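Form predicted alone, single chain, as structure tokens, below.
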């Protein structure tokens, strides 16, 4: 028998333990699922501010004369469109247009910074190595990464660190602050930032935010918040076997310029004509909780739930489901052998504190 690898710890691991975090193994990392109440952590982010340790995410810096050409080949979105310090969301595709990973790419003065998922680290680094040339260099750069999220996130960060210009930072733009890179991005559907910084400064920032009353939030709240925001989780809502066109991220594909030959383009061009699926939202109308893997019966055929949970904000169950493209209106979900009524809807469910569906 092969030995199981020992889970890794982020530099903030001891902070989680001291805050009473319930630690679980997540994608090979020991991470807090909650600090006592997932509901309270979720509500803090929706109503004020919360903070997440996302240091398990993979930061990859790319530079060199061919850095732009390299990323234009790998990413289905077009990094050439980025202004200085601007970011975009995109996907790395295989030759069949399956999603190897979804990522954020920042254009910086010295090159690019990619932030990819923890679970795909080895795969993405190997993919980059396979496709890199002599004039495009990349390096995995471990750092502390803290997501401060919520309607008061900017104000809370400014309480503990004087960051000139932070309040004016536009969404999906980044700024430097000493050795920090601060991006106005997040995974919750609320305002906020993701701060990438050296280890010692990261531990200090976490403690300052905690002492200022910013609630630490774990993986549980992160999942309910992102699902309310209609945001995909890699490995559940999209993976190597699914196309962006069937995963509600078709909008991230930059078809122009037509001569840009990104990996997976030929397969995607064919799928534009043949794709018969979509990823969409579900609202539970009966009693019951929507969960990953449940079968959905629509007016034009079956689908499956990819992510489902109870929504603390809405106080009923919601889901993302991959269903036939023409499915609409009411549907039924098989929950333990019983069909329960639900409604198909366009995500998100909650955005910037506002309920998007009734």
Partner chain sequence: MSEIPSDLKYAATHEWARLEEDGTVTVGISDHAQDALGDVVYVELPEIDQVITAGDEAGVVESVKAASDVYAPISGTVCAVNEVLEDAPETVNSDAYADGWFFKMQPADVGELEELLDAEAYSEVCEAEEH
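Here the structure is a predicted model, which means the values were calculated and not measured. Residue numbers count along the first chain shown, from 1.
Keep in mind the form predicted in complex with the partner chain is missing from the figure; the text below concerns it.
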Original post:
Among the candidate residues 38, 58, 307, 313, which is the single one with a non-hydrogen atom no more than 4.5 Å from the partner chain in the model of the complex?
Top reply: 38
**OP:** Taking 4.5 Å between heavy atoms as the contact cutoff, choose which of 120, 224, 185, 271 touches the partner chain in the model of the complex.
**Re:** 224
Original post:
Of these, 245-253, 174-182, 160-168, 284-292, which stretch puts a heavy atom within 4.5 angstroms of the partner chain in the model of the complex?
Top reply: 284-292
Original post:
Heavy atom to heavy atom, is residue 339 within 4.5 Å of the partner chain in the model of the complex?
Top reply: no
Original post:
Should residue 22 be counted as a contact of the partner chain in the model of the complex, where contact means heavy atoms within 4.5 Å?
Top reply: yes
**OP:** Answer for residue 328 alone: is it within 4.5 Å of the partner chain in the model of the complex, judged on heavy atom distances?
**Re:** no
**OP:** Please run the contact check for residue 30 against the partner chain in the model of the complex: heavy atoms, 4.5 angstroms, yes or no?
**Re:** no
